[in-house]
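Single chain ahead, written as structure tokens, the form predicted alone.
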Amino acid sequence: MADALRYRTDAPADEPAVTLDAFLDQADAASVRIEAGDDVRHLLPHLARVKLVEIDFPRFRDGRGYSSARILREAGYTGEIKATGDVLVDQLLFMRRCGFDSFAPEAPITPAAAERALSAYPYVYQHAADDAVPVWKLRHG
């Protein structure tokens, strides 16, 4: 899909993302691409200059990208985290909960299908990187 399914209100980053190694070698890079197997924790000291983190999913069943997004959000990163690659509509809600806010899947996903996936479940059961309040906490206030 040429345009990412976006769920942010700010403007997208206007420069191409570079690999993690290239990002760490360049003082002026602001967009970084995390490949499967990259340790996103190397990026943590540089979060102030990062505008975009693209996290690649080489196969839909490779869940390492979820952990990378969560690590970034828990470290305080507030910029854009984009899921790229083999991203399926069924994964969007879980990716959102881990901290992803835009998606660039290889296979097209219509905005309507994405919206249905993201709003399929009105309640959640556990805390995550998003601000959803777990249903048990709503019940027991």
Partner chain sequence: MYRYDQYDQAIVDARVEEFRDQTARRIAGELTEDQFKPLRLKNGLYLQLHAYMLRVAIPYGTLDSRQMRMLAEIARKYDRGYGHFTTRQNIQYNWIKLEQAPDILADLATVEMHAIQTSGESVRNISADQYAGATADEIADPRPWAELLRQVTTFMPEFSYLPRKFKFAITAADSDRAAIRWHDCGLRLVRNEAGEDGFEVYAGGGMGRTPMIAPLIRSFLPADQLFGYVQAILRVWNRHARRDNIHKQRMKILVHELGAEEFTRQVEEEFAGFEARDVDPPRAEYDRIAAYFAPPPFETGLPDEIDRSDPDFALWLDRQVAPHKAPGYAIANISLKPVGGIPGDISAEQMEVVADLAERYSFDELRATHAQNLVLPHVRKADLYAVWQALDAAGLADVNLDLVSDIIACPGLDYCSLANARSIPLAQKISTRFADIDRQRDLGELKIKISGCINACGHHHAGHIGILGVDRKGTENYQLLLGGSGAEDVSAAKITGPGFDEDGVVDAIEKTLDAYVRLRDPGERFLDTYRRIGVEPFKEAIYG
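Residue numbers count along the first chain shown, from 1. Since this is a predicted model, take the numbers as computed values, not measurements.
One more form of this protein should be noted, the form predicted in complex with the partner chain, which is absent from this view; the next part is about it.
Residues with any non-hydrogen atom within 4.5 angstroms of the partner chain in the predicted bound form fall in just one of 77-85, 61-69, 25-33, 47-55: 61-69. Interface residue remark: residue 102 is not counted as part of the site for the partner chain in the predicted bound form, having no heavy atom within 4.5 Å. Contact between residue 16 and the partner chain in the predicted bound form is not found at the 4.5 Å heavy atom cutoff. Mapping the unseen interface onto this chain, residue 114 falls outside it, with no heavy atom inside 4.5 Å of the partner chain in the predicted bound form. Contact check for residue 128: a non-hydrogen atom falls within 4.5 Å of the partner chain in the predicted bound form. Residues from 18-51 that approach the partner chain in the predicted bound form with a non-hydrogen atom closer than or equal to 4.5 Å are 39, 40, 41, in the order they occur in the chain.
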